[in-house]
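Just one chain follows, in the form predicted alone, and it is written as structure tokens.
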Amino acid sequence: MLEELERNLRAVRARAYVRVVGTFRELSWVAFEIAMPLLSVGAYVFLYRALGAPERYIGYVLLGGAMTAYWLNVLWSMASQFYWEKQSGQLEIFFITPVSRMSILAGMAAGGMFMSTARALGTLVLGSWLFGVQYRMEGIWAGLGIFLLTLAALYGLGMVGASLFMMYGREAWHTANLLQEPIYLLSGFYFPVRALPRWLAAAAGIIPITLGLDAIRQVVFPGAVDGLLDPGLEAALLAVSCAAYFVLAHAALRKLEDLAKREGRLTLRWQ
């Protein structure tokens, strides 16, 4: 039992190591990935100021722009990962390795969190200085806790996506492209999600980043009274989402392994 646990922890470390080391391997990429989100954020900042919106909206936009790093990482470096590994001929190695596939995905998630945090933190710090964003300091720790819950649920969703994208084969690439822009809208990256129709905002709560962003904004920005739900309730829903997505990810991986062992294929239908 201890030997198996140690083996899986080594797999987590190995998959995370690649992303951690690669984060700062090409420093020009880091600079661009910090600066480029500020361009779209800046457009919304100037728009809100021209309309005379409350100053907290500047913080809303900046936080949303920073969080896009995590969504893009989940979509392209988590959900699509197994599909890309198959295309490059690496997937067989994952399946013959005597470790849990969950540990491989957990390592990808840990490394992806580090990579995205380096970029998101840079965007947040630089943007806060450029646009003069004010924070409610007493809410920082609560916001950090909600942020960690959000990441756990978000990467759990990425694990589910990794298996589903693999099972549906070549549609993975098109699905990833399809999901990118709608999530920008449904998650309220650049506006309070409460502005959406009530039924649509409630449906968007399935996406962890929607509830996470809404709750963090309410606790860290002064005068934030336009939240969708109470921050405590949103945190509880995130915890439930986290558990649910990890269970679904485990079930999807079992299905994937079952297809591989019983039918000699990794997709739900022949390509």
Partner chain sequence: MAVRMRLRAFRLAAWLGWQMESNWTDPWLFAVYSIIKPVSSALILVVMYYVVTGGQTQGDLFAGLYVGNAFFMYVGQLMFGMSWVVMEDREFFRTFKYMYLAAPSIYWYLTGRAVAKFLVTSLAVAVVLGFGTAFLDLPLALGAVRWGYLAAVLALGILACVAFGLLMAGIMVISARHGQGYAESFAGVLYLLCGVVFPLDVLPAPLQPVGRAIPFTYWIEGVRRALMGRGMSPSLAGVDDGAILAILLLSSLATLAVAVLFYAWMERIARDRGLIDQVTEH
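Numbering follows the first chain given and starts at 1. Computed from a prediction, not measured in an experiment: that's the story for all the values here.
Absent from the display: the form predicted together with the partner chain. The rest refers to it.
Engineer: Is Leu185 a contact residue for the partner chain in the predicted bound form, using a 4.5 Å heavy atom cut-off?
Structural biologist: Leu185 belongs to the contact set for the partner chain.
Engineer: Please tell me whether any heavy atom belonging to Tyr57 falls inside 4.5 Å of a heavy atom of the partner chain, as the geometry stands in the predicted bound form.
Structural biologist: Result yes; Tyr57 sits at the interface with the partner chain in the predicted bound form.
Engineer: Mark Met115 yes when one of its heavy atoms lies within 4.5 Å of a heavy atom of the partner chain in the predicted bound form, and no otherwise.
Structural biologist: Met115: contacts the partner chain in the predicted bound form.
Engineer: Please tell me whether any heavy atom belonging to Gln81 falls inside 4.5 Å of a heavy atom of the partner chain, as the geometry stands in the predicted bound form.
Structural biologist: Gln81: yes, in contact with the partner chain in the predicted bound form.
Engineer: Just one of 202 to 210, 230 to 238, 216 to 224, 31 to 39 has heavy atoms within 4.5 Å of the partner chain in the predicted bound form; which?
Structural biologist: In the other structure, the partner sits against 31 to 39.
Engineer: Considering only 1 to 23, what residues come within 4.5 Å of the partner chain in the predicted bound form, judged by heavy atoms?
Structural biologist: Contacts from 1 to 23: Arg15, Val18, Arg19, Gly22.
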